[in-house]
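What follows is a single chain, given as structure tokens, in the form predicted alone.
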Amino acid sequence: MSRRYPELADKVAIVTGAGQGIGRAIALAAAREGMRVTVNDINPTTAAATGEAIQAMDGQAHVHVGDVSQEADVARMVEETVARWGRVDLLVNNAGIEPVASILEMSPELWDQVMAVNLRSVFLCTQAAARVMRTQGSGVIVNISSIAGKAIPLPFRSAYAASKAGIVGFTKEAARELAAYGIRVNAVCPGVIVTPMTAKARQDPAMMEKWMREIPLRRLGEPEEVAALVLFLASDDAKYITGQAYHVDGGKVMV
């Protein structure tokens, strides 16, 4: 199997929310480059399926079922990874939820849940993985944000938009702080991607027509296209890039 980034072979990646959608695509792409991958998801069935898919391509996978908004689960995930493979070279903070609720009707509990899963998890995982990377003197962290966190808020998703904007801000400060240890931190902001999260909206002809008007490339994105950017950011080709937030959106946001 030819590899685009041979320098990634035998390095170790942790991908959160890797049971489906973008996270699964990233985990599989990392495995194709020869990386050893810790597959995290809160859903044991989907986590196992991704792990099995990696093993089916003769890759190495460790499945970690856990809630990355919980400090104990994050600590266990990183400890298991280091115990198995001795290091962490790439962390991809992908886990997230996108509930629909108006500001006027949203419960504080729902707001807190979104912030915990989408934003607190990024802090917890970054902290735990970066402590390992600091001892190595190297590492890459890629945070999955959204165009909703940059310029395109979504109707009735104020908590989601706020959490994704928070990821962008956190990414920049983490890049500044962690550069001294040889750790690069960037964010990826997907647009409308064909994943389970967008499945319901994709069944609405009016929504599809609206998207086709707004997206210059006139199509939705594929999870593999997001994964391709993540792997580039993990590679040596991006070794002078940190603190950035890149759109993968077919041109929907041009700022």
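These figures come from a predicted structure and were not determined experimentally. We number the residues from 1 along the sequence you see.
Another form, the form predicted together with a small molecule, is not on view; read the next lines as being about it.
Checklist entry - Counting only heavy atoms and a 4.5 Å cut-off, does the small molecule in the predicted bound form sit next to every one of G34, T126 and R184? => result Not a single listed residue reaches the small molecule in the predicted bound form, so no.
Next on the checklist: At 4.5 Å between heavy atoms, is Q60 in contact with the small molecule in the predicted bound form?
Outcome noted: Q60: no contact with the small molecule in the predicted bound form.
Item to check | G96: touches the small molecule in the predicted bound form, heavy atom cutoff 4.5 angstroms | outcome: Looking in the predicted bound form, residue contacts with the small molecule include G96, since a heavy atom lies within 4.5 Å.
Item to check | I14, heavy atom within 4.5 angstroms of the small molecule in the predicted bound form | outcome: I14: no, not in contact with the small molecule in the predicted bound form.
Checklist entry - in the predicted bound form, does S235 have a heavy atom within 4.5 Å of the small molecule? => result No - in the predicted bound form, heavy atoms of S235 and the small molecule never come within 4.5 Å of each other.
Checklist entry - Which one, 157-165, 176-184, 83-91, 99-107, holds residues whose non-hydrogen atoms are within 4.5 Å of the small molecule in the predicted bound form? => result Heavy atoms within 4.5 Å of the small molecule in the predicted bound form occur in 157-165.
Checklist entry - Pick from A49, L28, L229, I193: which residue has any heavy atom within 4.5 angstroms of the small molecule in the predicted bound form? => result By the 4.5 Å criterion, the partner-contacting residue is I193.
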